[in-house]
Every structure is written in structure tokens, then in C-alpha cells.
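One chain is shown next in C-alpha cells, namely the form predicted alone.
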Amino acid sequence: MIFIGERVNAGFKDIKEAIINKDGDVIKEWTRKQADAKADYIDVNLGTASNKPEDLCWMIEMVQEEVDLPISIDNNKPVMLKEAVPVCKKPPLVNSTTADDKKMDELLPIVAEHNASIIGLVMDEAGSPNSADKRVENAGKIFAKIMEYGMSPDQLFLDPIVMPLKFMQDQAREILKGAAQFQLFSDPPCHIVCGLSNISNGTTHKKLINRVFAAMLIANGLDAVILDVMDEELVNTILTADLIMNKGIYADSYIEAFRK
């Protein structure tokens, strides 16, 4: 499982203030905490704190001063990415494109040039899909387009668009059905990723819903997740689901081994 730590995000008050005040220590503190919790990528999200490429680059630099992990750049504006992607010491993960041809043709040249990876949201000009079939159709468009740019399936992370259970309960099954079919595009398949917390938006039992849905998605091909990597129960659930899907070798101490 590829864990993408979500906490260096201007949606959190302390991160937004750190960006405004150029307080690198706050960025580094959360980077270190997530790295210690075994994040594979550190997601960097400038949010509404700024629209300046230099601020996004500064955040990336603060993360890279603290750890040697790759960056997930949570920004899809070409003007920002043209400056931010080259700052990354390791090929980053760009979050994200949709199945819109214009959008893909703006972003994929930047991604391909730097051997980066990209998250493909399986939505198009009409918005978020309501069925598994539409999710698969949009995913297929994104997959075909990355092939045009000489990218490999390993560089594509397809996101089935997780909808809030509280408000769109019928969508959960469609998400699972769509994700299962993404694996059929190639062998080996592309990655399947999601922003897990979307499923529990507005609910009372957020952590329980996140854990159960994560396990169900893993059974349908999920191999990357944007999450609170410091939520030990959630991470342990994911590790166990991975093990049950035969993606690891069983040992009585498999959770302890991951932590070490």
C-alpha cells in the first residue's frame, strides 16, 4: 500500500498560518510526524493560502529539507506545476487531472517531461460520474491519453471519486464496482487511489466508516490512499486488508514490522 500523508495542507489552520508567515518549522514538524508514521509520499497543498508558485515551491523545499520522501503536489494549475515539479528531488505525484482532453494536454507534458506520476480523477466536463460504467469510461480516456505521452501504467493513479456516504449513499457500491474494473486496463495495472476521508464527510462515525470502506476498496484494487497516516487503527486496518488480499507475507508481528 502506498500511503500519502495528507497533513501539510493549507486547509489546516496551522499550515495556512505557516505559509503566510513563512514558518518552515511547522511544515517540517508535520512532515517529520508523517514520515515517522511511514508515509510514502508527503502531500503538499497550498490551498487558498496563496496563488504564487514561489509559495508552493517553498513548501516543497521545507518538506525536502526534513525528509527524503517524494512529494505529492496537490495542485493542477500548469503555471504552478511548471515551477514546482522541477523543484522536487524525486519524481513527484501530481494531483490531479480529469478526463477532459484540454486539461490532460496541459498537464501531461509537464508530468511526462519530469518522469512524474499523476492522479486521474475519473470525471469529465459533465462533472462527477454517477455510475460505475461512466467511471470506467472516463478512466479509459485518461489511461489512453497517458499512453499517448509515453507514460507507463505505473505512472497513473486512478481515483474513482469517493462521494460522501451521508449524502450519496448509493454511490459507494458504484465506486467499488468501478475501481474493480480499472485493474483490467493493463497488466500490471495502474494504481488505484482515493482521498479516503471523503466517504465519511459529515458523518458521526468518521473513523469507523473510513476503516470499513478502506478495506472494501482494497478488496477491489485500491493500492494507494491519501489519509491521516497517524491514525494507527486506520493504518492497521489497511495493512490487514492488504495481507488478506495476499499482498504481503503473514507474520504474527506484521503490524510491528511495518512500524519498524
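From 1 onward, residues are counted along the sequence shown. What you are looking at is a predicted structure, and each value in this text was computed from that prediction instead of being measured.
Keep in mind that the form predicted together with a further copy of the same chain is missing from the display, and what follows is about it.
The candidate site formed by K166, T240 and L243 is fully in contact with a further copy of the same chain in the predicted complex, as each residue has a non-hydrogen atom within 4.5 angstroms of it. Contact with a further copy of the same chain, judged by heavy atoms within 4.5 Å in the predicted complex, is confined among 91-99, 147-155, 108-116, 168-176 to 168-176.
Out of the listed residues S197, Q64, N220, N45, N220 is the one that sits within 4.5 Å of a further copy of the same chain in the predicted complex by at least one heavy atom. Proximity to a further copy of the same chain in the predicted complex, defined as a heavy atom within 4.5 Å, singles out one entry of M230, L69, A215, A224, which is A215. In the predicted complex, no heavy atom of N51 sits within 4.5 Å of a further copy of the same chain. a further copy of the same chain is not shown here, but in the predicted complex it comes within 4.5 Å of a heavy atom of D252. a further copy of the same chain in the predicted complex is not approached by G11, whose heavy atoms all lie more than 4.5 angstroms from it. Though the partner is left out of this view, H205 does reach within 4.5 Å of a further copy of the same chain in the predicted complex, counting heavy atoms only.
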